[in-house]
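Take a look at this single chain in structure tokens; it is the form predicted on its own.
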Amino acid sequence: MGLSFSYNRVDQETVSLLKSAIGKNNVSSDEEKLLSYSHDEVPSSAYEGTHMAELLVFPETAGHVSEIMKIASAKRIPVTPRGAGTGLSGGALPAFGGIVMSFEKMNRIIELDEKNLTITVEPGVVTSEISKMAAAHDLLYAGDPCSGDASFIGGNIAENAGGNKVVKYGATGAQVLALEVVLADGTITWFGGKRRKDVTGLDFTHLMAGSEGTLAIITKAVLKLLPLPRHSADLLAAFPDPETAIAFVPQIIKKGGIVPASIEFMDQKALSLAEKYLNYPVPAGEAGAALIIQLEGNDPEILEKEYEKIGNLSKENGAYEVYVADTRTTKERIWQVRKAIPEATSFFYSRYTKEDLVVPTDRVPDLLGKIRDICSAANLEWVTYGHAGDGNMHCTVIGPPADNWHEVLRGVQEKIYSAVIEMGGTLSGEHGIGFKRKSDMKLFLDRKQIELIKRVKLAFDPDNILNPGKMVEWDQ
């Protein structure tokens, strides 16, 4: 399905219409703001050319979003929805200019319904605020991306963010019960509800999760809540090497008989970068690799027996040290190390490619071995860390100082992707395809599947004005 689309530029009439519709204080063409809002966490050096918004809009209501889309649709102007800008796929990049729509003013927690165990929020709410509100009512919001202190819930849903607790609770999409959305023509509609079961029609609610803002714009979300576990403990198990650490992961559930909330992996390079970035000695900083294993429960005595069991099992399977964190301070210290790794990598290096690879959990050791062999053969440094419990490994390959570093990294990418495909894996587990990875979709999905994606996209957005240039290439 090779198609091309043409777009119009934002003219003065468009600006006037938007100011009249949503207020002049919610429309900006300031050059510094345009630059700041025209990218996410993917560095501009990753792309050829420049991609700049022509106009910024800051809706305050679903009605505002509707008016914006009516104007954009009538004038065939592309619109790029934007959350907090913490994405790692170029999803907030205005590939064809046009309008960038920021949701920072739609930041209300509308309702916490204790009877139905739901919380209703606008898309600009910082994810950690949802967790705090739920916890204040002895409830749990189980979506827990590592960027939760900064990311917006709307972006989490659009990317179907995974994070630390997928092994027990599922990704963000598993927490979503209903969505209010605005379609490309400005229509406002609801998908789903507070119901826990619904086969009336197609499941558009969960189609939105991971659609990267290409099908509709989320303006409200109803999320499910769970009883808050009264107690938790985090184990940091230090291993001599990555292979020993990863080999232990399936034993946690199989022999331990426990499903942890989180099982996180960090290699030695990741630990050392975090230590350097945080500027203080970190637990297990000298280890060849480490696992964070988070356990939850309501009975402190049972929880203590469980973490003692997993700690002993860790040592039986090669761990030479196990740190137990069962206070708020010690837990934060352990998790600060894990959460610092992506920032540390970006801080110390400017030439790199961050990969978001997924393989069946039993192939994670093979994946780590392949990454090691491929990067070593190319004389490149690499960092691996991620969600060992669900097979989602983050790999950052550091580019060489040579001018052709893009080409060198591309060659390494292709070899890693071939290995991932052979293992039954896929291109992205939680960061999304966006602009960054769309050219590689054809390696992982057959032509028919890509055509189906395009047909679904056009059913929602016939003129392709919602976040165009993302996920698939239309000229293929």
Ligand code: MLT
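For every residue, the number given is its place in the sequence shown, counted from 1. If you're wondering where the values come from, they're calculated on a predicted model, not measured in any experiment.
Another form exists, predicted together with the named molecule; not displayed. Remarks below refer to it.
Engineer: Under a 4.5 Å heavy atom criterion, is residue 342 part of the interface with the named molecule in the model of the complex?
Structural biologist: Looking in the model of the complex, residue contacts with the named molecule include residue 342, since a heavy atom lies within 4.5 Å.
Engineer: Please tell me whether any heavy atom belonging to residue 338 falls inside 4.5 Å of a heavy atom of the named molecule, as the geometry stands in the model of the complex.
Structural biologist: Looking in the model of the complex, residue contacts with the named molecule include residue 338, since a heavy atom lies within 4.5 Å.
Engineer: Applying a 4.5 Å heavy atom distance criterion, does residue 431 contact the named molecule in the model of the complex?
Structural biologist: Contact with the named molecule, yes.
Engineer: According to a 4.5 angstroms non-hydrogen atom cut-off, is residue 307 in contact with the named molecule in the model of the complex?
Structural biologist: So residue 307 does not count as contacting the named molecule.
Engineer: 88, 146 and 354 - do all three of these have some heavy atom no more than 4.5 Å from the named molecule in the model of the complex?
Structural biologist: Yes, because 88, 146 and 354 each have a heavy atom that approaches the named molecule to within 4.5 Å in the model of the complex.
Engineer: Sort through 141, 385, 152, 239 and report the residue having a heavy atom within 4.5 Å of the named molecule in the model of the complex.
Structural biologist: By the 4.5 Å heavy-atom cutoff, the listed residue in contact is 385.
Engineer: Under a 4.5 angstroms heavy atom criterion, identify the one residue in 224, 206, 333, 394 near the named molecule in the model of the complex.
Structural biologist: In short, 394.
Engineer: Choose from 385 to 393, 108 to 116, 216 to 224, 288 to 296 the stretch whose residues reach within 4.5 Å of the named molecule in the model of the complex, heavy atoms counted.
Structural biologist: Every other range fails; the passing one is 385 to 393.
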